[in-house]
Each structure stands twice: as structure tokens, then as C-alpha cells.
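Next up: just one chain, as C-alpha cells, the form predicted on its own.
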């Protein structure tokens, strides 16, 4: 698996001595899993495929044929307007999967595409059904993860509707830090962020020019440093205060909530 898009890691993935698998780490940040549960999750997430940036894993209107699991890189849910304008509605980071209940859908109402090079596994629907029937701990953790996704979407609505441009970007940076820390993809308060200013604009409802100005302002205030592929948060308490960031909607347990 390529590591270019995910950062060096801060040891979270190795703390348990069991696995670096981001799916397992994500679910264990929400609920306990047994050794058997972990073995099953390792098996279904084996043999990922490399997918280039800008690839649609599934398009709006397509009939779903499986669940896509992101093991490396960043993908997103998005919709396009008739004029080509894109609104990104969610980020999928390592350990995230999309559309667990796809068997209930006749057609996708949004698209899922990659924002960076990714390592992706497609899990067929029969495997998902067997997983849900035979592993109650995993089923419980997956249900909690779905609830967190819904809570995150609500927070993003607040971001778009009631926060300033600078606050929107600051809030997103704080959120990604905790989500990536939960799956061992951070180094201190830094992490890989291999997405463009246009991607950030389509996420926050701003123009690329506005995003550039907001990023410059955060740098000048000593809150962040950002290279082409890496973000370093220099003063997390001040960035959280600016964004009015409260991590309760992520429902992380233990050290991941700190």
C-alpha cells in the first residue's frame, strides 16, 4: 500500500500491537471487537486496488454493486450541477466505506470519487450480508459508524450555513485531525492532506481565490503550515477556538477523543 497520501502515523495504529488496518482501527474507536472480528475484517479488506486521483468509484444514477472501502488516500461523496459545479458532501478517509445499505438502492443519488490516489477494496453485497448476520460486534460498530456519518453531515450543514469561510476551513482541519488520528494516520498534530484548493472550495462552498486567502490568513496567524500534500496544525487550541470545534459528534472513545 502506498503511504504518500496518508502521512507517517503517530503510533496509534501500532499501540494495540495487533494491526495497522484502518477499518479495524476505525471500528474499534467506536466499539470493542473480538479477535475473530478483527480476523474477518482483515480478510475482507485484503488485496486493495490502486486507483488514481479523479476516478469515479461509482457515478450518480449507477446501480450499486458493492461497498467501497478506502484503505489509503482520500475520496469524497459529491454531486454535480448541470453547469458542472461540484459540491463535496463528505470526505472518505482510510477506514471509511460507502453505502453499506446499497442493496436497498436502485440507483445512486450521488457520486463517489477519489480526491487523491487511493487504495480501494470493493466488497460484494453477499459478503456484507454474511458479515452483518454472523458478527454482532461488527454490526454494532458499523451501525455506530453510520450514525457518526449522519452526525458529521449535520455538522457540515452548520459549517456551510452558519460559519464564516475561515471558520469552515478551520473546522474541517480539526475534524480531519481526529478522524485520521483514530486510524493512525497523523504525526503529532499534522497529517497528509493531498487535496487541492479547488477541492477545498467545493467542500466549503467558497471560491478557490477565497480559499487561498483564508489559508494565507491562517498561516499568518501562526495556526497552520500547509505544503502541497501536508498540513501541520501549529496551535490546535486556537484553531479549535476559532472554529468553535466540539468533537462530540464524532463519538470517539479513549485516546482518539482527546
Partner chain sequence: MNLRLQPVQVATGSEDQESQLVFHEGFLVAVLVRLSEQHDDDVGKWFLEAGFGRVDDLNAPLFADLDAAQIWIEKRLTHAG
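Residue numbers count along the first chain shown, from 1. These numbers were taken from a predicted model, which means no experiment stands behind them.
What comes next is about the form predicted together with the partner chain, which is not displayed.
query = So in the predicted bound form, does any heavy atom of residue 38 sit within 4.5 Å of the partner chain?
reply = Contact with the partner chain, no.
ask   = Even though the partner chain is not shown here, does residue 85 get within 4.5 Å of it in the predicted bound form, heavy atoms only?
value = Taking the distances in the predicted bound form, the answer for residue 85 is yes, it comes within 4.5 Å of the partner chain.
query = residue 61: heavy atom within 4.5 Å of the partner chain in the predicted bound form?
reply = Although the partner chain is absent here, residue 61 would stay clear of it in the predicted bound form, with no heavy atoms inside 4.5 Å.
ask   = Is there a non-hydrogen atom of residue 53 within 4.5 angstroms of a non-hydrogen atom of the partner chain in the predicted bound form?
value = Heavy-atom contact with the partner chain at 4.5 Å: absent for residue 53.
ask   = Counting only non-hydrogen atoms, which stretch in 153 to 161, 75 to 83, 104 to 112, 169 to 177 is within 4.5 Å of the partner chain in the predicted bound form?
value = It is 75 to 83 that comes within 4.5 Å of the partner.
task = Let me know the one among 196, 232, 34, 207 whose heavy atoms come within 4.5 Å of the partner chain in the predicted bound form, would you?
result = When the partner chain is considered in the predicted bound form, the option within 4.5 Å is 207.
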